[in-house]
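To begin, one chain is listed below as structure tokens, in the form predicted alone.
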């Protein structure tokens, strides 16, 4: 009996048993590797958080939160205040140029300046924070004579935060439908009006998410502040220069290596506070993203 052409084509196109088994093995191996990686990362995160929360909770009390540091003892009130001052100062300095750069990269991408600005932003993301601290020490602490100060530390944090805000702002503005821009131009609006009155409100939730993430990064930085903000056991008096300021990450970095139980307790408490700050900021950023996506409206 002859074999029809349709049967031959079906025989050729039919996958072999070996190929089917091979595909299943690759699928199982891939899923197994993903699960193993997730378990390793999740286990490491849980381990770190468990150590920070257990040891930090035992070290936290009202005295730690309400008194200043005294040598290797006392409290962390000066460090808490300094962390907030430095982080907010860096945010104030980085948000306007970061959003402006993101608008330019999104709305005025023609010419040679936009690719150069994007390249410089990408390079700045990869620069180690300790290099930023060294730059701040040479230029501001020594060069300008500011010494260890709030201004130098805030500017160092702003330099680190700007590229994150820039990239987030660019992506946020690119996510605004072009038809809305065309509708604005059709109504006779200027480019500035379209950007500020049409694009900005729609992009603001995503921009806010980037700003909050930059704030979380600033709260957790240590290296650039060691060379620019120094350290102080006193409360901040409002001077921007010629006066060092305390911050929580210094307490972690410095006190954990001291051979005193009181110093270790302050380091654990500072680690817990920094983790809580970053966790709260990250949760707020997630809530903003959740509402922006509209999932909460459909729940």
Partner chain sequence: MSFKRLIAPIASLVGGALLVIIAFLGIYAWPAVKFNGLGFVTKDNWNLGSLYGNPIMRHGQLILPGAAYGILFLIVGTLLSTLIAVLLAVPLGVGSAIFLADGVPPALRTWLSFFVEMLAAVPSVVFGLWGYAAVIPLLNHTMFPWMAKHLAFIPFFAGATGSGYGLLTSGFVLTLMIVPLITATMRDALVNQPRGLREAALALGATRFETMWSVILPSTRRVLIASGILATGRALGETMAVLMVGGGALNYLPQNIYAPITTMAAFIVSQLDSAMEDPTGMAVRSLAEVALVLCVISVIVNGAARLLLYFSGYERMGGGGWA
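Positions refer to the first chain, counted from 1. What you see is a predicted model; the values in this text were computed from it and never measured. Rigid core: the largest C-alpha set superposing within 1.5 Å between the two forms.
In what follows, reference is made to the form predicted in complex with its partner chain, a form of this protein that is not presented.
Think of it this way: in the predicted bound form, its partner chain has a heavy atom of just one of 91, 176, 85, 213 within 4.5 Å, and the residue is 213. Looking at residue 59, you'd find every heavy atom of it more than 4.5 angstroms from its partner chain in the predicted bound form. Proximity of residue 127 to its partner chain in the predicted bound form: non-hydrogen atoms within 4.5 Å are present. Among residues of the shown chain, residue 222 is one whose heavy atoms approach its partner chain to within 4.5 Å in the predicted bound form.
In the predicted bound form, at least one heavy atom of residue 122 sits within 4.5 Å of a heavy atom of its partner chain. Within 4.5 angstroms of its partner chain in the predicted bound form, the stretch 23 to 56 places a non-hydrogen atom from each of 23, 26, 27, 30, 31, 34, 35, 37, 38, 40, 41, 42, 44, 45, 46, 47, 48, 49, 51, 52, 55, taken in sequence order. Once the rigid core is overlaid between the shown form and the other one, residue 35 counts among the residues whose Cα shifts by 2 Å or more.
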